[in-house]
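What follows is one chain in structure tokens, specifically the form predicted on its own.
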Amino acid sequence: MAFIELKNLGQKRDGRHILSGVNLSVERGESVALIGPTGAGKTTLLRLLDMLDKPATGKILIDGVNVTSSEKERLATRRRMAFVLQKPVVFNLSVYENVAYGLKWRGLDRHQIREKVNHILETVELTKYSKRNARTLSGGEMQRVAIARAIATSPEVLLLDEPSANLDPVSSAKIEDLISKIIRENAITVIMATHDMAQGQRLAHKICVLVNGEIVQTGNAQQIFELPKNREVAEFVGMENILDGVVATNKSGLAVIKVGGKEIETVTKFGAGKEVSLCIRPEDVTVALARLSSSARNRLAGTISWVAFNGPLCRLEIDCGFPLIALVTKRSAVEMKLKRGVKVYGIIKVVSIHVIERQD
């Protein structure tokens, strides 16, 4: 039995479906990232988990108990959870008093509160700010106060809504490190909504992709980012090369697919005549000036149509009769004199191509 189970969960707002048919299992101590475009329903799902709203359909089970069945169950469940909002909410009190707030409500004595708050302030690296008014801190520091206040009550479940949104890179990295530390050191289940896909990869054991209020794919980082279930997921996770084609032949799983007048070999279950889309990550395209002999079966001739440098990397597009995006190091691009108009080969291994059914 999973610790948390969502069964056919749905929510409506103004007669419109915000969530529909959401099913999800979360194990105790697991960290889960909810990713998806703006308006996909991530925050709505967190609010349902925190019992702030009632679902229109379905139920939430914790340890096998339907916690949406009564107000008594809902209240008891809220005491087992903590929710940190996207915009940090801090009281007009000192940092110390902010963190101590929930502990006072739970009846801990002054000595217990002092010991626990001091330990948590050390964990979030805010000890030197303990006497400062929390509202005078920076955005990143206020977010750390909000997280500290949330974990002070030792919740079983920590819910985070875009924990590093609108923060500068340094503050964002500190929040990420803090969340990682909490996950590592505490027997706590973490469910977070994030627009930052790389953050989801780094922090979560499991990733759920929400699109239009539905969970369209659940899996680990490799499954989500390298093996997207459909075109919607592929586009959202940054699979820049999505090439439409038709399976010409398939012999024992090794297929030849016609794309833009060229043939690409890959492994797939789809048979001859099937309309498909090939998903290829830019970093899996090797750029060469000659048709090198290698184990890669696909060597696509083309001409560079544009080049863009970004720090130590170089992103370029090869016109092969269809656009093919490749990612190489800046050093390689300079050494190979890659620029617009240069003829090159885009080399792709069979195993680097993920095939999905084409969507109309």
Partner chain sequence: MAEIWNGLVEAFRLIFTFDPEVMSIAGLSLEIALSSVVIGSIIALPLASLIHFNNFRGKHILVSVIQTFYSIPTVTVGLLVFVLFSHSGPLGGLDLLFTPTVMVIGQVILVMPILLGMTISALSGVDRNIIDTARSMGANSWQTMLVVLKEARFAVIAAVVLAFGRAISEVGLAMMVGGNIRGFTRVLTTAISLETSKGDWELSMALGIILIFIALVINIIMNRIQQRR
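Positions refer to the first chain, counted from 1. Rigid core here is just the name for the largest C-alpha set that superposes within 1.5 Å across the two forms. Quick caveat: nothing in here was measured; it's all calculated off a predicted structure.
Omitted here: the form predicted together with its partner chain. The next part is about that form.
4.5 angstroms heavy atom contact with its partner chain in the predicted bound form for residue 102 = Output for residue 102 is yes: heavy atoms within 4.5 Å of its partner chain.
In the predicted bound form, does residue 97 have a heavy atom within 4.5 Å of its partner chain?
-> Result yes; residue 97 sits at the interface with its partner chain in the predicted bound form.
For residue 81, is any heavy atom within 4.5 Å of its partner chain in the predicted bound form, or not?
-> Residue 81: contacts its partner chain in the predicted bound form.
Does residue 92 make contact with its partner chain in the predicted bound form, using a 4.5 Å heavy atom cut-off?
-> Heavy-atom contact with its partner chain at 4.5 Å: present for residue 92.
Of 184, 119, 202, 87, which one comes within 4.5 Å of its partner chain in the predicted bound form, counting heavy atoms only?
-> Contact with its partner chain in the predicted bound form is made by 87 alone.
Could you work out which of 106, 269, 258, 251 is the residue within 4.5 angstroms of its partner chain in the predicted bound form, going by heavy atoms?
-> Exactly one residue meets the criterion: 106.
Options 170-178, 224-232, 70-78, 280-288; stretch whose heavy atom lies within 4.5 Å of its partner chain in the predicted bound form | After filtering at 4.5 Å, what remains is 70-78.
Hey, which residues along 265-279 are within 4.5 angstroms of its partner chain in the predicted bound form, non-hydrogen atoms only?
-> Not one residue comes within 4.5 Å of the partner.
Residue 251: CA shift of at least 2 Å between this form and the one not shown after core fit?
-> After core superposition, the C-alpha of residue 251 moves less than 2 Å between this form and the one not shown.
Would you tell me if residue 269 moves between this form and the one not shown by 2 Å or more at its C-alpha, with the rigid core held superposed?
-> No, shifts by less than 2 Å.
After fitting the rigid core, is the C-alpha of residue 117 off by 2 Å or more between this form and the one not shown?
-> Comparing forms between this form and the one not shown, the residue 117 CA shifts at least 2 Å.
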